[in-house]
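Just the one chain here, laid out as structure tokens, in the form predicted on its own.
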């Protein structure tokens, strides 16, 4: 596997695959852009949202307006977060094969079987994992739960916002929800999902570093550059392709054209 030896410049060793490996463009720019917008906004939303829940800064002076500033940042961050989620939802339909919606929601028997296989590896019941270029089925399912949490967070946030601004459009879209769920429960759901994001965030960082070190595939770098290093055989026999053919007898081979498209010599 590739041993990273970082140097600067276009000829940096870490940018070139070792013999037997290929450099594969896995994460396209909409994936990376929405990922980092979500990271930044979750941090700012958490800081400002927690302040709105329990102010931890004592304002000094007659012109101090900490709560108003926090609310403004929270509002702007919330709409930026919503835009990032919408971009990612759109890209679920048009992304390459590693970022499409079916990599998050298992729809075939092979994907479900591999989800069990990955679970056995994580539970120390198997010696080696099923290797994936993109997300393995368990990681994809976990991300699907996170996106579902994000949608609930956005919905509850819009409900709370509609109670303040009184917008007719917002009241039409989400104003009916408090008739079925008490506004205080909506507030609590909105608040506690924040902790769910942070639990996922900690685990996400841990597993990303672990897999990047164990597989030496440039996983951590890939969320900046989009590229990963994988053995050529893995690109030709990618589980993400096999799983789309639940009854296929043989592994479909990536066409030369597609390989050339995703590979940098």
Partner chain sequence: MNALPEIELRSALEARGISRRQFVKFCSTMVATLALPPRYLHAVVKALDQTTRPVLVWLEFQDCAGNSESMLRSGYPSVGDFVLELLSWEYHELIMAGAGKRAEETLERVMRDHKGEYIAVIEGSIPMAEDGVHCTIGGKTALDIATRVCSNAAINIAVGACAWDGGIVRASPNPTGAVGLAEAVPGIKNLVNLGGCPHNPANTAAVLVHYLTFHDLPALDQYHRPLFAYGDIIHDQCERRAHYDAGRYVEEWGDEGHRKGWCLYKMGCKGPEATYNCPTVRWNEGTSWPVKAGHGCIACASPRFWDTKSPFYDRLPKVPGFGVDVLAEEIGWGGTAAVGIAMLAQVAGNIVRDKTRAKNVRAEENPPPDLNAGGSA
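This is a predicted model, so every value here is computed, not measured. Residue numbers count along the first chain shown, from 1.
Another form, the form predicted together with its partner chain, is not on view; read the next lines as being about it.
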| query | finding |
| --- | --- |
| Location of its partner chain contact in the model of the complex, chosen stretch of 100-108, 114-122, 81-89, 137-145 [non-hydrogen atom, 4.5 Å] | 114-122 |
| Residue (of 154, 95, 173, 126) lying close to its partner chain in the model of the complex, criterion heavy atoms within 4.5 Å | 126 |
| Exercise: residue 65 in contact with its partner chain in the model of the complex, heavy atom 4.5 Å | yes |
| Its partner chain contact at residue 218 in the model of the complex, heavy atom, 4.5 Å | no |
| Non-hydrogen atom contact residue 163 with its partner chain in the model of the complex at 4.5 angstroms | yes |
| Contact flag, residue 183 vs its partner chain in the model of the complex, heavy atom cut 4.5 Å | yes |
| Residues within 4.5 Å of its partner chain in the model of the complex, restricted to 196-221 and counted by heavy atom | 198, 199, 202, 203, 206, 210, 214 |
